[in-house]
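Presented as structure tokens, the chain that follows is alone, the form predicted alone.
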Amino acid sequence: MDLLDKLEKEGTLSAGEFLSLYRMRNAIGREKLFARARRLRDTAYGRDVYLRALVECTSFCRCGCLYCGINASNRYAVRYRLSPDEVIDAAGRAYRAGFRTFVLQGGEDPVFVKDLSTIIRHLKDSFPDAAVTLSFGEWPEPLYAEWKEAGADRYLLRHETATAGHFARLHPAGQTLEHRLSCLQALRRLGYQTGAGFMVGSPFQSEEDVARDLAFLSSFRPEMAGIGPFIPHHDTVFASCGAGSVDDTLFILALIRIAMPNVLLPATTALATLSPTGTRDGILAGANVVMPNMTPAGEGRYELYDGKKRQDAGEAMRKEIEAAGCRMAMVRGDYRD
């Protein structure tokens, strides 16, 4: 049995086996690999690509992640913070446009999250048939529990790297992989549909690091996996680093789909930023989620990396999705066991 057959049959490989597979990435036929990933995705979800309405709520952040354009030490970042009414209005516009999942995202902003439970309750009362996904980083478990009680359905928290030493090179002292993983476990305990994930081609990332990431994901088995290429930001210490490989990102998306046929797998904004056909190619590699941006225009920018593309749920997106043989689905799109 070759490694791809084993991965499909067992849903996981050892880190060493993932390393062997990843090192063969340029020799493995992409068309057959992607076709296998699509077959497994289509068995689980059909040809639907779920659209999520992304609302970037705040660019204030208490963290110092070295790769991120909104890290706390970047004095040049143009900050903004939406009011609860602005978030609710943005969600209302998204709902009227047909969306049935709202993704509320932002930096780790202690001021904004004071109102988050109120916002969630309002959204669930006003739009009971819609799902609420959160992505606001690391917080104490009681706060996660409060948001879950308010009605939140899903939480995205990328682990970034499953290698402690690599994590330490991407973050300042005080931020640890151990704590990040403990937050993921807390979210799982509380009953969130939980998302993890990592950047492809981040500074100092080795092939061994990627293999450990894949082994972690196939072991933790999140309901969602966010995988995108690293893109540098000009106001960070990694400004001169090259971006991650689109081809490697697509290869990893396919492996994750083969390992976890039921996972909700986005074609990320970063992928679309680096490649004009990134959304289509991500879907061809097994992705089944896209997150158009419904953030109201303002003075600030949620600029995690340079050149960040704003994806809209218009005709261009529809054509990309249909070019991949799929269709836009404006439904909740929950994880399927």
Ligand code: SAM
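Start at 1 with the first residue shown and count on from there. Keep in mind it's a predicted model, so treat the numbers as computed, not measured.
The same protein also exists as the form predicted in complex with ligand SAM; that form is not shown, yet it is the one meant from here on.
Stretch-level contact analysis of 81 to 89, 102 to 110, 207 to 215, 251 to 259 against ligand SAM in the predicted bound form, using heavy atoms and a 4.5 Å limit, identifies 102 to 110. Using a 4.5 Å cutoff between non-hydrogen atoms, residue 160 counts as a contact of ligand SAM in the predicted bound form. Although the partner is absent here, residue 67 lies within 4.5 Å of ligand SAM in the predicted bound form, judged by heavy atoms. Of the heavy atoms in residue 136, some are within 4.5 Å of ligand SAM in the predicted bound form. For the chain shown alone, residue 229 is a contact residue for ligand SAM in the predicted bound form, at least one non-hydrogen atom being within 4.5 angstroms. The contact residue chosen from 199, 119, 187, 265 relative to ligand SAM in the predicted bound form is 199, the criterion being a non-hydrogen atom within 4.5 angstroms. This chain lacks the partner; the member of 304, 33, 274, 40 within 4.5 angstroms of ligand SAM in the predicted bound form by a non-hydrogen atom is 304.
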